[in-house]
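A single chain, nothing else alongside it, follows as structure tokens in the form predicted alone.
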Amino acid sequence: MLTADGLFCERDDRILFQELSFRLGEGEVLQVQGSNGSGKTTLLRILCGLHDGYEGEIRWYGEAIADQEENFFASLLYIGHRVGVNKVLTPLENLRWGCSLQQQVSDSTILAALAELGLHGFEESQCFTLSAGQQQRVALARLLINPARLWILDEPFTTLDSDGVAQLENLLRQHAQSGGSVLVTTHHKLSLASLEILSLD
């Protein structure tokens, strides 16, 4: 599905990674590991087209991403390490806006996703009144709504309680079992059958 060959990136005259290559197939989960500052977030941003200061080749089903950007980005869901919700808006309003950028989604679908992630009763609360873990759940609700086949997730377990961690692990497992793929950075020890490790240290 997604391949990278010979990736090189430096920042502030320091090489983050070089000759970095990997393959991510359908139904697979690739966990990117590394110490703080090793380039994990930079790698994810490169893959999502948000950082162009690199060398190397990135392909989507064997073709350069630059040649099929529309197909690639339509198949991608990226959730960064920052929560990515507007704290003045409610969870419902945040997801209405975020989902409308790619597809039309009914309020009933959004409400069902919020309820599944434990946010029933908070749909109309402004996000600044929610805990950090609840705000993270608002962002992660997009996983239940967006039909993207490739998930790229940067530290998605941050701020989640034990129930949230178990639920997110189950979402990753279900996505892989249905033929989707996941590339994730986390310090959390994942227990998934389809898990591969990519180390940047």
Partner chain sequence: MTEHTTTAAAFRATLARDLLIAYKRKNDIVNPFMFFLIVATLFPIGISPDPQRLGEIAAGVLWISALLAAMLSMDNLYRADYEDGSLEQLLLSPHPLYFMVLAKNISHWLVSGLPVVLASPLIAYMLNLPADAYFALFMTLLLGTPVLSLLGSIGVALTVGLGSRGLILAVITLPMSVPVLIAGTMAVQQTHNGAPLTGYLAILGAMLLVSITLAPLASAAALRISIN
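Positions refer to the first chain, counted from 1. Keep in mind that what you see is a predicted model, and the values were worked out from it rather than measured.
The form predicted in complex with the partner chain exists for this protein as well; it is not shown, and the discussion that follows is about that form.
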In the model of the complex, the residue from L50, A132, A64, A166 with a non-hydrogen atom within 4.5 Å of the partner chain is L50
- Taking T90, S100 and R142 together, does each of them reach the partner chain in the model of the complex with some heavy atom inside 4.5 Å? yes
Counting only non-hydrogen atoms, the one stretch of 142-150, 55-63, 157-165, 172-180 within 4.5 angstroms of the partner chain in the model of the complex is 142-150
- prompt: Quick one: is Q104 in contact with the partner chain in the model of the complex, heavy atoms, 4.5 Å cut-off?
  reply: yes
Practice item. Could you confirm whether Y78 comes within 4.5 Å of the partner chain in the model of the complex, counting heavy atoms only? Key: yes
Original post:
According to a 4.5 angstroms non-hydrogen atom cut-off, is G118 in contact with the partner chain in the model of the complex?
Top reply: no
Classify A74 as contacting or not contacting the partner chain in the model of the complex by the rule of any non-hydrogen atom within 4.5 angstroms, answering yes or no. yes
Contacts from 183-201 to the partner chain in the model of the complex (any heavy atom within 4.5 Å), listed N to C, are none
